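Before any questions on binding or motion, here is one chain by itself as structure tokens, the form predicted on its own.
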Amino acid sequence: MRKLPIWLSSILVLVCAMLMMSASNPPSGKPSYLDGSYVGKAEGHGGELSVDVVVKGGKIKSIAVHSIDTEGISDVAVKKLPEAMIKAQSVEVDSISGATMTSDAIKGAVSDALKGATLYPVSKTVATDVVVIGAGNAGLAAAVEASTKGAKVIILEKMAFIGGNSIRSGGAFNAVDPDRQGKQKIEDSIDKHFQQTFEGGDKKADPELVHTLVNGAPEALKWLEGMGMKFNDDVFTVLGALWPRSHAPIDPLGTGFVKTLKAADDKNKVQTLVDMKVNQIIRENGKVTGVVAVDAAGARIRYNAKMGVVLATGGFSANKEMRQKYNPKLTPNLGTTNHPGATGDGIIMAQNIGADLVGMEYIQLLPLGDPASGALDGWIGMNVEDYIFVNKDGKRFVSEAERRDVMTQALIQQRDQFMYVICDAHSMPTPQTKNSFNQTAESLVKSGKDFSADTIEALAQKIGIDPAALKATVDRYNEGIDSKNDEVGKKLLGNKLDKAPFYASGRVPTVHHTMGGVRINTKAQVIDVNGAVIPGLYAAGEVTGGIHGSNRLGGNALADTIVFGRIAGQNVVSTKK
């Protein structure tokens, strides 16, 4: 059995400890209620039942039931139960005899309405201008912009480290870049980036958000470089990007982004607190005014945010139950490339205060998961133009330049849902050449994760594929490059596979990105279920939905985090409240 890396084992131990701590330290003390109007829903005897709950002066003042269960005895529950709950200031009241189902539905709907209104006692209160929830790229970028405008900013991160998924990403950043692309004779445009992004997500995205992303990406790239971040000069095509506009940082993985943004935050005196699990967004009289967080010792702390809150908590790829809830057709128990804290907390908190959700069923799988962990690291060959996918029979089955969802669905149809990435020395010129995850070809082969040989036939023997079959596949691929007519329709063709050593890396499907989340507008303001802005609440990064549609292009996620993180940080300070 393959041992987990030390760093991953440490993270899992920490997460388990945090979960045990959370379970053993529930909120204590009598709750109070935040002033405002709240809507809740639950399933009744005849269908969905809804309630409107009004809180004034910290007390439940009225409960209006909109019920289709109003015939006969149910009328009594609709009238009497709200009266009892108002008197008790609690949903914990006796059901009406003979109308148990309606009673349970009313209590369930009121509980749903009060999720975002219930405030348990806190140990202390801290005042600031802006609270940012999450210390990945989006949160760090938002903090830079808000603090640059003079705001006092506090970042709250639930994990023991900053960076989230951003720091463990491959680092590819999509942006139209005439200077770099021109030197490589790559034709590109903002319109082309828009069309590929919009159509690549089956036109399910909000076009205005897509325009904001592709127009903002070049400026965001320059913004990062202006703060000292370095990128390679050669633009490439990351898996699923559909076009060579991906920029690779000099620093490995996503470390360059996090290091650059954190340095700017430190310079602006942004306070970053880790081991701080935010479990509630406070909305009073309709406006978001702060959050409640639990520290490592279990203390509940209220952070009041004079200007507003930026939600940047990431997606829910690591939450198997939530994945299945929104997409029951998804293959259960898949691994994920995400860090263990990507559990959708921010989406749930935002929903509790009335935020609308969009595209939650759109969950992106990637065909490049490590067979043991589902992680993305460990594979050799980073440029789409210079590698192929083969199944256990040594045959190609999909274009390696296709959309990620198309490639993954094709992989799922293969024997054991397993494939090998095959590349050569064009991708890894020396054994010391590193992939995007800062791993050398030599170390990957030595560990047994990947394989290497001086001929295609010898490589095939090492991975248990018929040598003649793999050789024939590679020969046809090379002939297709000469004729510019690839047998599986690959449009982005680079070097032939003809330069030893040759490499193979086993891969399986894995969950990579959740395209759904809270609905936002182009100002990164969160929108409620009625289509109105929730004052004081902004969101950026994978916690949001509507930007990528049903499928995200490779390289667009990091651009998304920076573009919308900046917008959220700017507007939380300057938008009229």
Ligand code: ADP
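Position 1 is the first residue in the sequence shown; the rest follow in order. The model shown is predicted, which means the values in this text are computed figures rather than measured ones.
This next part talks about the form predicted together with the ligand, which is not shown.
- With the partner omitted here, the stretch from 137-145, 412-420, 389-397, 199-207 that lies within 4.5 Å of the ligand by heavy atoms in the predicted complex is 137-145.
- Only one of 276, 358, 463, 488 comes within 4.5 Å of the ligand in the predicted complex through a heavy atom, and that residue is 276.
- A heavy atom within 4.5 Å of the ligand in the predicted complex is found for exactly one of 339, 403, 507, 247: 339.
- Contact annotation for residue 345: at least one heavy atom lies within 4.5 Å of the ligand in the predicted complex.
- Interface membership of residue 157, defined by any non-hydrogen atom within 4.5 Å of the ligand in the predicted complex, is confirmed.
- Taking the partner from elsewhere, residue 241 is found to have every heavy atom lying beyond 4.5 Å of the ligand in the predicted complex.
- Although the partner is absent here, residue 378 lies well away from the ligand in the predicted complex, with no heavy atom inside 4.5 Å.
- Of all the residues from 301-325, those having a non-hydrogen atom no more than 4.5 Å from the ligand in the predicted complex are 312, 313, 314.
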